[in-house]
Structures are given as C-alpha cells and as structure tokens.
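One chain follows as structure tokens, the form predicted alone.
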C-alpha cells in the first residue's frame, strides 16, 4: 500500500530477527477483503509504503536465539493475528486486542505484512504452528483468518444444539461461519447471499436455506420462513453498515448477534452504524451484540488444523482462483477488489 487508493511494488530491507522471533518466507498467500477495505476505503486511516497481507503459510528462514520449537526449513501456519502474549489484554483473555483495540492485528495494520519475500513474526513459539504433513496449501492458507474468524462468529453466537441460525454474508468468512454453526450443533441455517459459487459451498458446509436479498427483503423472508419467530443466533459476516438493521430485526429476544464483519465504512457524515430502535426492543429485548477480532496464536492454529486433518471441514473448495508465483500477488489482490461472481477466495502459491 503506497497510500490510500494506490498499491505497487516496493523494495524494503529484510526485517531483523529478535531473540524470540522468526523470519519467514511465504509458501502460500491469500489476499483478503480487509486489504481492500484498508487500501481503497481507507478504513484504518492513511498508511504509507506498508506491505499488505496477513494470510500466509510459510517456511521458516531464521529464528532467534530463544526460539525452542521451530527451526529453519519448517513449514508453518502463520496466524493473521500475532498477539503479545505477555500483555495485560492477553492476561485478561483478549489477546487479539493487545496494545489497544485491534492491536493483535499487526500484519498490514501497523506492521509490514506477509506479501513480501521475507516477513517478521513476533514471539515465534507462541505465534507459529507447524503445517501438518499432507495438508494442501489451498486448505492450510484458509486457517490463519477465514476459519479462525468464521468459527469465532459461531463460537460467540452461543449456538445451542438444534438452534436456528442466520448467516448474513457468504464470502469465505461467512462460509466458515456456516461450517462452524453446523459443527456447533445448529439445526436450521439460513445463508444470505447471491453468488452461485458461494451458494454451492454454503450448502456443502451445512446451509439449509438460501436467502437472496435480490428476491425480496431479507428480514421478511427469514421471518416468514420461521413463522414470525426469527432466529436464535445471527452471524454477521458481510455487508455494509445497514446489515446490522437486518441482523437485529431477525433475532429473537434472548438471542446473540455475533458480528465478524469488518465495517470499512459507516453511514452518513458522522460515519455511524445504525441499530433499529423497535427491532432492538427499544434497547431492552435481551438481544446481545457480540463483536470480536479473529483469534490468533499457535494453539488456535493447531486446533483448526485438527478440524481439517480429521475431516470435520474441508476449506479447499473456497480457493476458487489459484495463482502460481509471487509476482501474481497484485493480480490476486485486484481480483479480490473486483469480486467476480465466480470468486470465493484467491490463493497465491509461491515457488520455493
């Protein structure tokens, strides 16, 4: 990111490796909608000459003198969120927020990201995980952000066995939210979206009902399908600021609205996200709004790898566009910006 609205290649020095850190070479990379929000919407403010990217598998090139569990040549999963695990926020149970709001999100936020020939990982023993033997790169590169974020959406929604769930937005994060809801015991799962490729995968991951916002009001369709009752949990995984109106309006009293959507823009001059006063029960209808940033760290990656290794969920169908070669990164990022209808997620396999 050269500045808001502009990307390009840039030469930078190889990062230095601290005693507890690692320097990693990319093995597989995936552009994210967050990169699009950051560059073309200026969602987190101006950034100059910052390397983008936070979704990677890699090969360890160098480790610090105090790193115990990793060595040069190891193939690793690099989480999108790399917290400072000895910080106050981590000790309180919120490692993604270390150093302040969103502070665990270092790559492509306030630190150079992974779209480079070499990148730095802080606290390697806590923020890297070994890539399981035999796991495809297309599947593995979905773990650092897509699976972690989508599953968190289901976890935060407090889904009970047999619960009815609505997932608003079925990009790759929403698709993982669907898979997480099914693994968490959901009964009926409404998936709101229109892209044919995503609808196909949504059904494979457990969606029982597809709701197209092009065919009528989303809230009315879901309320009609549930006899006016609404749903037990909502996972917000896409859409503009107005999507929160739909989320709260379809939620039953006593339900949880779990937001994992990155709002790159708000509504109006004051940059607000609206809530429906009546649908919210005037603020006293026991509708809980949960938010959270993608969980990171080693244990999270190891747990997600177990889900994939043992066949509970296969992320590879989300890799609809696979490029080979580091120089294809820009093409893949622009594809994520343009979002053709057959796209779910682009992946770049880097020759090593």
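Because the structure is predicted, anything quoted here is derived from the model rather than measured. Residue numbers count along the first chain shown, from 1.
Not pictured, yet referred to below: the form predicted together with a small molecule.
- This chain is drawn without the small molecule; in the predicted bound form, the residue among 32, 60, 39, 301 with a heavy atom within 4.5 Å of it is 32.
- Contact annotation: of the candidates 124, 181, 233, 192, the single residue with a non-hydrogen atom within 4.5 angstroms of the small molecule in the predicted bound form is 192.
- Heavy atoms within 4.5 Å of the small molecule in the predicted bound form map, among the stretches 115-123, 166-174, 275-283, 86-94, onto 166-174 alone.
- The small molecule is not shown here, but in the predicted bound form it comes within 4.5 Å of a heavy atom of residue 292.
- The closest heavy atom approach of residue 103 to the small molecule in the predicted bound form falls outside 4.5 Å.
- Although the partner is absent from this view, residue 336 contacts the small molecule in the predicted bound form, with a non-hydrogen atom inside 4.5 angstroms.
- Taking the partner from the other structure, the small molecule in the predicted bound form has no heavy atom within 4.5 Å of any heavy atom of residue 99.
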